[in-house]
Structure formats: structure tokens, C-alpha cells
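This document opens with one chain alone, in C-alpha cells, the form predicted on its own.
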């Protein structure tokens, strides 16, 4: 049985062995499969969110780029990220004392907890508090509170639509401490350049420093995904701290060298990143 993600004129097909989960929630359709090559795989509304084969690349860069671009991240917020992978990576850091997550669809959390515990283990850290709700509304209830905010959203068009507009990022900035760092799922420069341009334009207007980091993820269409990182405090393209030996021993993708090099973009993408 082959499962195909097909969207935006592009597709990716994965051979599966059985379907573990199929749920239709008020927000989206959740499917989890066992596969022949890439371990367990989850799709939301037919779009691949992760496979066990390569999820570490995305999760590590989403978490460690902003955390290691901040000198002392004490309070961290994840918006989206119901699979727990980003939480798992944040939990590898001793610095945070508060780790909040706001996920709109509890069924995502429950499904991954049941079928993919290697991802959902992030919820087990005692510093984690789960908030079920709309992330765009949640950030309005906080002011100057979070040192790092990670927007681990789905693609725009579903529940993630509100997380790609200027009003959300203005509210998000108010929820951050001075010098705070935000990292957002920023799509592929090959597949969705208009979304990349929009997100970069918004953050360029709101923050002094920014960069677009490319992450290699073979089971995403085009094999790449982006992380938009921004801050008023410092150049986010250079880590302010290196991973400790204990942290480095747990990582498979992120290094200080990868942090620096990931923000180099090909010439055709430069206007997207510089948009205002």
C-alpha cells in the first residue's frame, strides 16, 4: 500500500504496511502508518508531518537554533508541535524552567502518545505545561514573558493559517522578553516561495535580526524545509552558546557549524529572505 502526499503541484509517495490511526477531528484528519522504509509516519490532512526515519533533523533545528541563539532561555513557548518532537529536544537543555506548549488539537497529542512514543516522550518532562487552544489567541494573554518562542505550525490553509499573519507576530513579539528569539516553521524556498517571502517580510519589519535556515528532510517534498529565526537582541545566525558535551552526545543533526552554515541561502532565494 502506497500513500501519496500531493499538494501545490508536487508529490511524495511512501510504501506503507498498515494504517495505525485514522481520526477526523474538528480541525483536521490525522493518519498514522507503519511504513516499509521510514518507520512510523504521520499525516495531517494528507500532508506528511514526520517520519521516524528523519524527524530528528527538523526537530533538532527547530529547537536548538533558537535556544542556542539565546544566552539564557528560561521560559520557552511552543505553538503547535503536538507530536512532542520539539518538546523532546527542548527538554535536553537544563536552562529552561518553564516549557509551555499551546496545541489546538488534543487528538494530535493523544494519537502520537499512543502510536509514536519516541516523539511524544517530550510531554513527559515535568517542566512542560500543555495548553489546548489557539496559539494566536494564547500569545495575547502573555506580555514580556517568553525568552524563546517556537512556532511549529502546519502549513497555512488549515489550523495553521492564523500563524502566518502580521497580527500574530506582533502579538507574539509582545509576549517575548527583550532580546527574545522566535523560530518558525518557514516552508521550502522551492515549493512555497510566496509563503517564505510573506513570513520573512513580516519578521523583517518587526525584528532587527533574522535569518532563514535550510534543513534537509528527505521525506518532505523537495527534501528541504526552512526555519525562520528572528530577534531584536542579537544576530541569530551565529550561536551565542555551543552545545555542552552532554547535549552534543544526544544530537544527530545540529552542530555549531550547521547552525552557521544553514543560514546561507542560494542566490535565487536572497530576495525572498530580504523582503519587506
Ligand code: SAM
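Values in this document were obtained by computation on a predicted structure and should not be read as measured data. Positions refer to the first chain, counted from 1.
Quick note: we don't show the form predicted together with S-adenosylmethionine, though the next part is all about it.
Heavy atoms of residue 193 never reach within 4.5 Å of S-adenosylmethionine in the model of the complex, leaving it off the interface. Using a 4.5 Å cutoff between non-hydrogen atoms, residue 57 does not count as a contact of S-adenosylmethionine in the model of the complex. When contacts are judged by a 4.5 Å heavy atom cut-off, residue 89 does not count as touching S-adenosylmethionine in the model of the complex.
Of the heavy atoms in residue 80, some are within 4.5 Å of S-adenosylmethionine in the model of the complex. Considering S-adenosylmethionine in the model of the complex, the lone stretch of 199 to 207, 105 to 113, 140 to 148, 91 to 99 in range is 105 to 113 [heavy atom distance within 4.5 Å]. For the candidate set 38, 48, 247, 32, a heavy atom within 4.5 Å of S-adenosylmethionine in the model of the complex is found for exactly one residue, namely 48.
Residue in contact with S-adenosylmethionine in the model of the complex (any heavy atom within 4.5 Å), chosen from 120, 163, 189, 182: 163. Residues 152, 153, 154 are the ones in 140 to 154 with at least one heavy atom within 4.5 Å of S-adenosylmethionine in the model of the complex, listed in sequence order.
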